[in-house]
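Next up: just one chain, as structure tokens, the form predicted on its own.
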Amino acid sequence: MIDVVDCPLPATFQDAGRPGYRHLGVPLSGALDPEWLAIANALVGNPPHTVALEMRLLGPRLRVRESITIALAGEFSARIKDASGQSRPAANWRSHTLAAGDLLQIGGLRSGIGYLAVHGGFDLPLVLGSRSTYARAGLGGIEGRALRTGDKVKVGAPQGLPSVAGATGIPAHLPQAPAVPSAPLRVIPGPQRDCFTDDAWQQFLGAEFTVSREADRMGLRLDGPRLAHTRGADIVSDGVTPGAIQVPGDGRPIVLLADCQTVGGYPKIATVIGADLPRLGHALPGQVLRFAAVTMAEALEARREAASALAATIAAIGAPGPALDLDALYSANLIDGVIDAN
């Protein structure tokens, strides 16, 4: 059991989401960055889509009632305080053993989002095949809502132990916070590209857009050039997916994310390719986004490359390395880390 001592900002439990129910109006949901979710789970020996806690901007304070293994994926500060008051840092991209009574304190997230995985996952009910929280409909997680102070969360039954023999980390594949502002997000033209003027299309690809304060797990509304329609901004509602970029009547694009609706009545100028979707999950208000058009073949190749890179990262976790320096090992803190991904 884990006690939530404090949870100042919304955090939700997320796994791979609910594919297969969009025809019933149920959004996909799931982790905004499924790659980081998979890495966090790999660090504690879980299957890649095991439910974990997705944190945004600022993490919670959690106290454990019995010994567990946890992993932190992201760029944020965290500390572990034991029952005697002794405190030690909890590094990102590695696993840690928490003893009964330990307090885990997670600070601000420089990467926008981050993940806390526990060995065995969190013991939450399945709703339509997923434990993901979709708060707008009260599905999944804890009573269909975000984590809050005073909650008590059960840890799932472990399925074996994390492999730690000879673990040396993954220096060649260390994940980094996505470079949201530096590289354009790759897109393919949307199904209603012809609803926009050629000038609007060139503006979309050539201009910079800023993430507004209207940003959540459903989508990001962007500030920048107003994109002009050729014949109005209303269409017969049709299907939308995460990554779709709608443009309503005011000309301000909306990039849809994991919790987006299943249909919409605004034309879609473009769709962000699957390989770049995780970067969008880290975008914060005030950050600048740019877009670049690619072909479907290029989008598929990027997806294959991303999958291959993720597989290499996960395969390298816990890989045996050179002989240990026993003198250095004996002088170090042997309790803190179990697997080091640095």
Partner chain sequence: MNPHLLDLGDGALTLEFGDRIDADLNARVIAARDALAAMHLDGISDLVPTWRSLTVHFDPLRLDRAALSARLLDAAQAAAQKSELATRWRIPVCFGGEAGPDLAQVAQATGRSEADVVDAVCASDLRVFLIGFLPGFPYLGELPAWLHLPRRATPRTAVPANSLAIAGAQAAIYPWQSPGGWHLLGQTPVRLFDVDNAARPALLAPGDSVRFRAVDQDEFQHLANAIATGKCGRGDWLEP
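Since the model is a prediction, treat every value here as computed from it, not as a measurement. Residue numbers count along the first chain shown, from 1.
Keep in mind that the form predicted together with its partner chain is missing from the display, and what follows is about it.
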Its partner chain: the contacting residue among T149, S237, T230, S212 in the predicted complex [heavy atom, 4.5 Å]: S237
Can you pick the one in V64, L310, L289, I273 that has a heavy atom within 4.5 Å of its partner chain in the predicted complex? I273
Taking 4.5 angstroms as the cut-off for heavy atoms, does P191 touch its partner chain in the predicted complex? yes
Is V263 part of the interface with its partner chain in the predicted complex - any heavy atom within 4.5 Å? yes
4.5 angstroms heavy atom contact with its partner chain in the predicted complex for A137: yes
Would you classify V155 as touching its partner chain in the predicted complex, given a 4.5 Å non-hydrogen atom cut-off? no
Any idea which of 123-131, 101-109, 220-228, 81-89 reaches within 4.5 Å of its partner chain in the predicted complex, heavy atoms considered? 123-131
I have A244, K268 and M296 flagged as a candidate spot, so tell me whether each of them has a non-hydrogen atom within 4.5 Å of its partner chain in the predicted complex. yes
Any residue of 1-31 that, in the predicted complex, places a heavy atom within 4.5 Å of its partner chain: P19, G20, Y21, R22, H23, L24, G25, V26, P27
